[in-house]
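This document starts with one chain, in the form predicted alone, laid out as structure tokens.
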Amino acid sequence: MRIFILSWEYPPRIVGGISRHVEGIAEALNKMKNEVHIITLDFPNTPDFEDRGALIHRVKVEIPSQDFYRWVFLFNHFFEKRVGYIINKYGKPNIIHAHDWLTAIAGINLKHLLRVPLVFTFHSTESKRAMGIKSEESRMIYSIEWWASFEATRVITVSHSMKDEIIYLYNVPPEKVKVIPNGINLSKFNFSLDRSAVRKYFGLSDNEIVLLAVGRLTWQKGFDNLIKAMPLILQRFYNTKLIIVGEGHLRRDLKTLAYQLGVGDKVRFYGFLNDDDLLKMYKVTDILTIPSNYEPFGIVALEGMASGLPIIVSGVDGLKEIVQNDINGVVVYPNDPNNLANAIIKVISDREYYNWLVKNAHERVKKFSWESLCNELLKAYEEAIKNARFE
């Protein structure tokens, strides 16, 4: 099957979970003898075309734009233009698969131009990201999301909670929606290292208890609650350090909060880490925390499980579908620093409990291999081809 996948981000452009998701399905679909083309944005010092099994076409936006939203419309135009060249060389696809609202317009246009069925994956919704539809920009994005859900022959969500959400928000027929969660390449986490040397590389000492949080520095990730939990944790374990990996517009606010609470020297912001460094960071920390206020799935949870870490998560959205409380992780109330602090203290204090969580998480994460998930994705593609309508 020839598959065209549209995604605004793809490694080395990593903004959120979409990049990892698309990379995972591209590699797995290619191994299953499909011809996979990724149409994505260009990135500095990265070739416009790469053959990694999956064929990666990076697109330049050749016209300057005044704001983010005009830029999105422009790159959708240039995506369509690149697809014309790809078809001329490789032939027409069997499926177009667009990811999130940012590539929806190109996906819809190509569906009608090429008479090829569209599959659309929701990774989140504007209603949840923006805490409601309160601005003209949010209304525009909401409308594009509805449009994509209408035009797609099959809609995919990464969790059951998101399936319920889009059925409610966009009145999508339930039979049209298929849940295919994020997956993980377990082999990437199967390596050994010199823990002391790597800790030294990251500026950490062997006697520190290291908490890790990974994600964009936005309201959705709830990192303010984690920082608010630190004074309580430090009362019991003063050798604790919190590492926050990621970039975002709340970086300055979060740093200010840490110093206002007197824990500025115990909270470090590492910014963006490349793949190799992030994998090493997972291996040399002690606990992974995911205190999100909104998390459609939570691929970081799988990465923590695969790295042999106990994970502590907020009981929201897709995280509740991955983590079973007191079995393969700890589930806490969202937006509750005291509950979060007590959970972290419990995991640090009880080594038998710590090991129990790690052991069960190791078994749980095996169910999320990209190969098994892509079997379901191929079924969704076949259903889309069978049921496609272009009226």
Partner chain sequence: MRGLNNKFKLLSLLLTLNATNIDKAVEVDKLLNLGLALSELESLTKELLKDNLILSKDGAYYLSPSGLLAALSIFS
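Positions refer to the first chain, counted from 1. Just so we're clear, the structure is a prediction, and the values are computed from it rather than from any experiment.
The following text describes the form predicted together with its partner chain, which does not appear among the structures shown.
Of the listed positions (Lys134, His112, Lys92, His249), a single one reaches within 4.5 angstroms of its partner chain by any non-hydrogen atom in the model of the complex, namely His249. Only one of the listed residues (Asn182, Asn76, Thr153, Gln220) places a non-hydrogen atom within 4.5 angstroms of its partner chain in the model of the complex, and that residue is Gln220. Contact check for Phe272: a heavy atom falls within 4.5 Å of its partner chain in the model of the complex. Contact between Ile63 and its partner chain in the model of the complex is found at the 4.5 Å heavy atom cutoff.
Taking the partner from elsewhere, Phe49 is found to have every heavy atom lying beyond 4.5 Å of its partner chain in the model of the complex.
When contacts are judged by a 4.5 Å heavy atom cut-off, Ile14 counts as touching its partner chain in the model of the complex. The three marked residues, Glu208, Leu279 and Tyr354, fail to reach its partner chain in the model of the complex, with no heavy atom of any inside 4.5 Å. Remark: of stretches 301-309, 121-129, 154-162, 168-176, the one touching its partner chain in the model of the complex is 121-129 (heavy atom within 4.5 Å). In sequence order, Phe43, Pro44 are the residues of 32-50 having a heavy atom within 4.5 Å of its partner chain in the model of the complex; the partner itself is omitted from this view.
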